[in-house]
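Below sits a lone chain in structure tokens, taken as the form predicted alone.
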Amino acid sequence: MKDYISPPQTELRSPDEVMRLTRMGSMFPTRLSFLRTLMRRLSAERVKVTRPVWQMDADGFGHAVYSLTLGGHTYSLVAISTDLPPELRTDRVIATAWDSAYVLYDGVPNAAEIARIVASAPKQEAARYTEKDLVLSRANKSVRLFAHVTESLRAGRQPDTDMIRDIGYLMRTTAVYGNGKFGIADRQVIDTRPGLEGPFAAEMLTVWLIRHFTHELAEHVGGAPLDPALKRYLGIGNSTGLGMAPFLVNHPVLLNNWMLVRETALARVRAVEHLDADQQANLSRLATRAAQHLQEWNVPDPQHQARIVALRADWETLCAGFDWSRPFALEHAMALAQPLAPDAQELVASLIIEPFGDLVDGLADCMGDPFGAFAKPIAGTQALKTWIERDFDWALTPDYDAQDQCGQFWYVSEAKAEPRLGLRFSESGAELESPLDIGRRIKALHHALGKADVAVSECLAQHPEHALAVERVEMAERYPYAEIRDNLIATSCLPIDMLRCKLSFFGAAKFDPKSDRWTRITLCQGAPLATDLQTNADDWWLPVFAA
């Protein structure tokens, strides 16, 4: 067996540059995003999706089951479509009814199991589930587009392409739950199974199958097939709020691994000295596609739309300067973006990673966290103090007593068991604050250490409230990208930046912020259909409307 030799790479970008909210909130999906990795696996195995059950009335209400085999295991999506009164339709977390509900099931459910899921899934949080249920989800229709598509098909014509392009999905999920929530299977049940060992792989498989169901539901109600090109562009929407943001703080090893893999991929391609003619042509093609994608990305929020417009102008400037024939052309492309906004810089990073699957795709195997944190303990408090001053200067800078530096607090809603963000000086509940104030805790630890050098264990015996801060400091050397290097309780903290970072790793595009606390996105847009998996299923980065 030959020894593995790592490809050449440039120096990684500094965590102090990468792990800032403004940059994390500018990230785009890459070929290492979880959906892309899953689609490559499905395609490599030539997976076939079957539909053993279809119990739908003419109006599209009833249930269906879809099955596939991946990595030697069979999984089934049980989809339930219900007649939802318009006054009950809302994407807010307070909703108690939805247009559709779903369970990703471990195996092929028999009639009794289907009946159980059909009765339970529409209740979502109000029901309980079993270890055979791997993922729980629900979705609402894009009422305007779903009605238009089905009416068009009934009339013997394809739907209006402008509406397809502008909306981009027939349904949007409002939750995709995994990992033991409400009694469904813990992740450890599936985390070593081929194809589902990567982060959120089961959830992404569920989303892709939901998208498949929405296409078939519309065709069933419309009584005619949709044009395949239109179907490829129709992804699955998603409404995502604050519930997703604390994950990045509470899973520092995962965050480190995601970021480290992304930065390593970028460093590898930046070290490529010469591009052949095919690579040059591919980069030019993808840069043009990105420009069209930006033109098709429009949102109601004026502030975010202004960012998109500015990015379009920056991208036009960059495309005029790209020279893929020169030596180290990818490094040069990154240098061109340096004077521009983080949006442009991160789009270039995503672009130049895209054509180099042979260099970077194997890194996806390193994005999980199968072992948990391993950190070298620090023996004495003065060494601990030195580590803080070396690695956490960003945490020592703010004055956490100033109202603008501690004006928000994170807590968990008792009613929905979901994270929330409160205003410390105008709302009650700060006594229930969740420990996401990592910077403040580390500064408090630094202040408490004093000048005497004692064992860290002795210090913690006297001050156990500093245990979390000590743990995070000890982790920093091994996991340099584990911390968001900003004050997460400052009034200037925008949770939307954390949402966009995490969603970009899922493979999300078309970010449509509704506030600084929740956003709509599109997943699986341009992704292969079930009938496409037998061919090349990996060329759908930043999809564009091609019908």
Partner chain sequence: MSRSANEVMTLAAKAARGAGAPPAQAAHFGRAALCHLSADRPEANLTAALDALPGGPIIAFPRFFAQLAERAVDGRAQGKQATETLIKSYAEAQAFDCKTTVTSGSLTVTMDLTKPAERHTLKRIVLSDAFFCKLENLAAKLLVPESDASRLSGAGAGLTDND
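Since the model is a prediction, treat every value here as computed from it, not as a measurement. Positions refer to the first chain, counted from 1.
A second form of this protein, the form predicted together with the partner chain, is not displayed here; the remarks below concern that form.
- The single contact residue among Val221, Ile184, Leu294, Leu351, judged by any heavy atom lying within 4.5 Å of the partner chain in the model of the complex, is Ile184.
- Residue in contact with the partner chain in the model of the complex (any heavy atom within 4.5 Å), chosen from Gln124, Gln158, Thr264, Ser434: Ser434.
- Judged against the partner chain in the model of the complex with a 4.5 angstroms heavy atom cut-off, the residues Pro8, Asp365 and Arg485 are out of contact without exception.
- Proximity of Asp343 to the partner chain in the model of the complex: non-hydrogen atoms within 4.5 Å are absent; the residue sits far from the partner.
- With a 4.5 Å cutoff on heavy atoms, Tyr129 counts as touching the partner chain in the model of the complex.
- In the model of the complex, the partner chain sits within 4.5 Å of a heavy atom belonging to Val143.
- A residue is said to contact a partner when one of its heavy atoms sits within 4.5 Å of a partner heavy atom; Asn179 meets this definition for the partner chain in the model of the complex.
- Stretch-level contact check against the partner chain in the model of the complex with heavy atoms at 4.5 Å: of 354-362, 435-443, 279-287, 318-326, the positive one is 435-443.
- In this stretch, 161-178, the one residue having a heavy atom within 4.5 Å of the partner chain in the model of the complex is Arg172; the partner itself is omitted from this view.
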